[in-house]
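Take a look at this single chain, the form predicted on its own, given in structure tokens.
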Amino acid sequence: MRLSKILMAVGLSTAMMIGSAQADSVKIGNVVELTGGGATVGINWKNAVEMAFGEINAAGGILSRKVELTNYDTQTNAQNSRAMVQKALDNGSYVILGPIYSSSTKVNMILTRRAEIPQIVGSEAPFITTAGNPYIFRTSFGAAQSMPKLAAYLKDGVKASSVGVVWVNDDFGKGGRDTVISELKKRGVKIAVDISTEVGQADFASDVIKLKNSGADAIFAYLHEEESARLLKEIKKHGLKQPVVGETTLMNQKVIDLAGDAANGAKGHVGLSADAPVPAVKEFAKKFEAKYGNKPDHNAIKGYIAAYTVKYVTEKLGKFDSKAFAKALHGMTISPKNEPGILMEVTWDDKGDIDRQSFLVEVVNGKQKITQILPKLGK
């Protein structure tokens, strides 16, 4: 009897200690591309998320709880991303961050919706936020937000009356292609040629010949990082003189590094840039480079913002409530004055799309040069 009571007391004490330890932390699942074709973008995101939550934990955590972050590798595979999101849910994640590739988000956001857990992603395809999912949020512009700005730039800035469109045939590429063509046509700009390419494509010679023969005034490129660099090299090799314009991916420092001189002169719209003339962004870039030894890309900034969004919304609520979190973030504006880690003022609409300042850039001597600051769409 005495032994039984002792064992019972020990068991109760252990259970209380475990419960106390769990109460002292909050679990966040970071589901992102760490291997495979998307590793470049995924590792930038992961590093920034880890840096942000490291800062948050060092400052006392969120509502006095430390963040317990777990990374899950999608392997840049849509079905594997679904399995990883399920793992993160099974592990009790309060919020899930990632992934970046739209094809992965397409199949895994069903799970977070069913579980009523907020998911903050870096994906850009329009369908991500038009599916009526109240638990999905972006930290990057979707094509519906960025392409109107790009189409206006091609017509009014580049003065193009015809454009050759080159895009990657996946959910990311098709969403951007459909939206930019619609926006160009609204502005009376002719589509000189419409070229579909493949993920991982190595040879762009025939595509560039089609561009050359189309007579287009400008080229719009919407591919992933490595393919963008190969396209730029092929364009330079064939001596095309038309301006090459793209979205954030084309302006990525990884693309610039891989393409070398062929990247110089490329122009485009970026939602985020480490070279942005924003003091908080510059300070973030400085800290990131000191920690990881490389300059952060836009995916790193997106991940950092995602982490601090979790902190701000939760502290605003005063509790850890996943359903209340999702409800609160719709229509919310976060200012750096209230949360410095957010870097720039951002607003989420009722669909989970983000609005903030963005930038027009040109690649000059292997670096992004900001040429114009564009205001929030909602201003």
Partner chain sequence: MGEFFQLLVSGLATGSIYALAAVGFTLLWQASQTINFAQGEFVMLPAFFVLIGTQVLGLNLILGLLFALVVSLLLLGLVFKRLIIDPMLPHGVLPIVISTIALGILLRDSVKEFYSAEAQPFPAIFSERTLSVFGAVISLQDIAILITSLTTITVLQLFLTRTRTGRCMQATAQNRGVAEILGVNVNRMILYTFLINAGLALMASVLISPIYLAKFSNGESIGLIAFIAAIVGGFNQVRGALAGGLLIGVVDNMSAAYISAEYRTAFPLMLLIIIILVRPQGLFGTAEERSV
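Nothing here was measured: the structure is a model prediction, and the numbers come from that model. Residue numbers count along the first chain shown, from 1. Here the rigid core means the biggest group of C-alpha atoms that line up within 1.5 Å when the two forms are laid on top of each other.
One more form of this protein exists, namely the form predicted together with the partner chain; it is left out here, but the text below deals with it.
Segments offered: 306-314, 330-338, 57-65, 30-38. Contacting the partner chain in the model of the complex at heavy atom distances within 4.5 Å is 30-38. 203 is the sole member of 289, 156, 203, 116 with a non-hydrogen atom lying within 4.5 angstroms of the partner chain in the model of the complex. Although the partner is absent from this view, residue 43 contacts the partner chain in the model of the complex, with a non-hydrogen atom inside 4.5 angstroms. Interface membership of residue 130, defined by any non-hydrogen atom within 4.5 Å of the partner chain in the model of the complex, is ruled out. The partner chain in the model of the complex comes within 4.5 Å of a heavy atom belonging to residue 209.
The partner chain in the model of the complex comes within 4.5 Å of a heavy atom belonging to residue 237. Along 208-230, residues 209, 210, 213, 226, 230 each place a heavy atom within 4.5 Å of the partner chain in the model of the complex. Shown in the overlay between the shown form and the other one, fitted on the rigid core, is a CA shift at residue 229 of 2 Å or greater. Core-superposed comparison between the shown form and the other one: the C-alpha position of residue 167 differs by no less than 2 Å.
If you fit the rigid core between the shown form and the other one, you'll see the Cα of residue 100 move by less than 2 angstroms.
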